[in-house]
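Presented below, as structure tokens, is a lone chain in the form predicted on its own.
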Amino acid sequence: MSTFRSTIKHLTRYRSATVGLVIIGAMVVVAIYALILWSPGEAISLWRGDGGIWHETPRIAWPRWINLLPGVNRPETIIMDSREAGTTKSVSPLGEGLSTVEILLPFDFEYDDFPKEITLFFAVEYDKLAPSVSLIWLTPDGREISLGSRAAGPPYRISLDTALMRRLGGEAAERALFQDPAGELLRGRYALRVEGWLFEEGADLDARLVVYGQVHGLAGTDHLRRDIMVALIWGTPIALVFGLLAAVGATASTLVIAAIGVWFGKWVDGVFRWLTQVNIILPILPILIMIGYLYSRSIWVMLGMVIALNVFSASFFVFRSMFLPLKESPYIEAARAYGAGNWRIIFRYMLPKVAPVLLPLFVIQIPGFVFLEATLAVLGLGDPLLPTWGKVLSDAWANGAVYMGHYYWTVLPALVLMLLGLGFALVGFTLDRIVNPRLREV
């Protein structure tokens, strides 16, 4: 504990390390928040969009904070529901089970651009005969535009109605319905009037209008309407766990292998050195790609292979050079003299002597493994279930986000990746300066 406190005290003397600790601390807080907010199963279900959870979210929308920039006033999503305040609904019985329903869904539109889509969702109750509706669009300048009649049931994708598009002069509904006769964007109070007919006793009809905006949330949305913030938040614990387990597993295994090889020497050391030389020339990324295509893309399978391929890494020779003089040191000779066994000497006397060097190495290697996981995801070999930063980048690349001008889609996940790498690099290099006597300041 005293060593830990001393290390923290030394770290806080360096501004770079303080900045790095703040970044890492923020990442850890986000990771804890993600685990509290959603369980792994809930996060996966949310990212997959089970239950149509994203059906009221705009597709490929910029973050909402872009409207804070000077001169930017992009439309936000507007939702009007006949079961909520701000709307009107009246039912008029006609006898013999027949009745009419009139629903008015008004809303204000004061933005500088057109919405992305318009959809009308129905909530109906009936036994055999589905209600039918007639839809009329009301504009701020007093015009009434008929959207036609239909059975109330499946969602009515107004923006995808080709017949309506032809009646509107061949222009998309989300533009034509928000224009004045001269073709300019018309601001003001709009409304959708739903005139419905109920054919049975006890039947009911409600409507929910969604005018999809161009901005959403803190991180925007992707091509599947998913909130990218979900992946940015839940990708944090995934990245930290993957990087930490890979760094600790690979480095600790290499240290133990090096100590065993030096202590037993002869053919044991020779075999370990030969395996390391062979492993160094093996291309890790192509091997992982092959495993992903031929076996599994599970993040845990990839983590196991990353650790296995990094056990006999170049660090083996670094650790071996530390253990060689240690093997001949007086306190090791004393341990042998009072009868300590081989494994006790290795794990009780040799490894603890070199262990402090591991801390900066752990910290420095973590972002490298995080970037490796993101690289695999960008190449299409990420875990298909988990929402990760690399998966967001992969989807952005596959859908041409940069070419289409959707820069937020790539910048935000790339930014958190770089922040994580910067935080660990700042702390790692400072730790190396503290632990390594040759770099320590006087």
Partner chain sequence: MARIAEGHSGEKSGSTLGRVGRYMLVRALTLGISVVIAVYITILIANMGGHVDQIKIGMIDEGIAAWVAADEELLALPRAEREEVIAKTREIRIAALGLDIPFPIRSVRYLTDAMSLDLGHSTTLMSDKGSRFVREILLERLPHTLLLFGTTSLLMFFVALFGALFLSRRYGSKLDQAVIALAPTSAAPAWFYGIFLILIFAAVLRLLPFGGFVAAPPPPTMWEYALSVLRHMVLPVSAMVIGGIFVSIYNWRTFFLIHSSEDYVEMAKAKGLSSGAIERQHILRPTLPPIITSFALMLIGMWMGAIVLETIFGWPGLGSLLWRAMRLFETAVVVGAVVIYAYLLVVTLFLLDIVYAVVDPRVKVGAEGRTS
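Residue numbers count along the first chain shown, from 1. Just so you know, these numbers come straight off a predicted model, no measurement behind them.
Here the subject shifts to the form predicted together with its partner chain, a form of this protein not shown in this document.
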Checking a candidate spot here: are L324, L393 and Y403 all in contact with its partner chain in the predicted complex (at least one heavy atom each within 4.5 Å)? yes
Give a yes or no for I291: in the predicted complex, does one of its heavy atoms lie within 4.5 Å of a heavy atom belonging to its partner chain? yes
Contact between W397 and its partner chain in the predicted complex at 4.5 Å, heavy atoms? yes
When the contact criterion is heavy atoms within 4.5 Å, does L35 count as touching its partner chain in the predicted complex? no
Its partner chain contact in the predicted complex: M418, any heavy atom under 4.5 Å: yes
In the predicted complex, the one of P283, G142, P330, G339 near its partner chain [non-hydrogen atom within 4.5 angstroms]: P283
I need to confirm a contact call. Of S149, Q277, T100, S298, which residue comes within 4.5 Å of its partner chain in the predicted complex, counting heavy atoms only? Q277
Partner-proximal stretch of 73 to 81, 310 to 318, 231 to 239, 215 to 223 relative to its partner chain in the predicted complex, 4.5 angstroms, heavy atom: 310 to 318
Heavy atom within 4.5 Å of its partner chain in the predicted complex: which residues of 377 to 414 qualify? V378, L379, G380, L381, L393, W397, V402, Y403, Y407, T410, V411, A414
